[in-house]
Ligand SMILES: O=C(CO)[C@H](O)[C@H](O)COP(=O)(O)O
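This document opens with one chain alone, in structure tokens, the form predicted alone.
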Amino acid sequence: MQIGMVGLGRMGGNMAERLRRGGHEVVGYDRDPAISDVEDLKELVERLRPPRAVWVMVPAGEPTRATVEALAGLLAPGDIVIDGGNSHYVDDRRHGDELAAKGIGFVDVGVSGGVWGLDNGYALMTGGDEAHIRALSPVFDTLKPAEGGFVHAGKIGAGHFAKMVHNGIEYGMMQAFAEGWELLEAADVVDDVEGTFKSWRQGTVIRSWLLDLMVRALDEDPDLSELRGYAQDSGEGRWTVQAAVEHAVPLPVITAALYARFRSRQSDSPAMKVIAALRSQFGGHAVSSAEGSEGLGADSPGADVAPPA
């Protein structure tokens, strides 16, 4: 096929390269002229033969909205816009309606695989009309792994909803590995923590690609001293928790993992200061910034302060 790719960053650029390796003709546009094939979206559309397919790989929110709006004014009936970024599924429905009014198709694709996707393939979760999915099947077949890794999840919005839940699960899995590592390091029972994680990669029920990546990180930095204990969230975790509230579905693990990322950004948590103050008031647990976590023992003055009647 011939396809346009808007956004040639780490994901979009690698996806364009994988498509080219698969024999497709890719016309790429990026704001960086050093890596762009064309000067603007208008030239990109002009370079494509109808019916056109344009894959958008730009940040979610306003950048995606503006790009889809611009393409709506340039494309013609029968063309298809694919949003492969991490957009909110609610935005997909709006984009689909706006493009449908002009006779232009819309497909949303949740993409997973990161920087490894160029060689290993990308997991693709798609949403849209069956006819549009079929028309794009040569592209999907090239991007996905050799076996599996593709689903037509449902109507418009289903692809990004599936990817949103996927990323929520990812949050929980990453948090579990992180907490296990911290406990092994803190307990002073296991001498070879790194070797323990490596041993779990074969034969265990928790073996996974995430575990492989953690072992790789430990190989590069055994005590993780080169990293800050700070983790950003890209949005899908929040949307997953919001969707859970809307549908009254309990997600305690994913929610806790999201909150743990929020906590990682606080060098001195205001909430924990309140907890320390309350413990001091009702139990005489003296904790200062200099004392760290050491409090009063059971036989210390103030440790037997009675609660109010």
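Just count from 1 along the sequence shown to find any residue number. This structure is a prediction, so every number in the text was calculated from the model and none was measured.
Below, we refer to the form predicted together with this ligand, which is not included among the displayed structures.
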Original post:
Based on heavy atom distances of at most 4.5 Å to this ligand in the predicted bound form, which listed stretch, 167-175, 67-75, 199-207, 100-108, is the contact stretch?
Top reply: 167-175
**OP:** Would you please decide whether N86 lies within 4.5 angstroms of this ligand in the predicted bound form, comparing each non-hydrogen atom pair?
**Re:** yes
Original post:
Any chance R261 has a heavy atom within 4.5 Å of this ligand in the predicted bound form?
Top reply: yes
Original post:
Does S112 make contact with this ligand in the predicted bound form, using a 4.5 Å heavy atom cut-off?
Top reply: yes
**OP:** With heavy atoms only and a cut-off of 4.5 Å, decide whether H95 touches this ligand in the predicted bound form.
**Re:** no
Original post:
Which residue among G180, G154, P138, G235 has a heavy atom within 4.5 angstroms of this ligand in the predicted bound form?
Top reply: G235
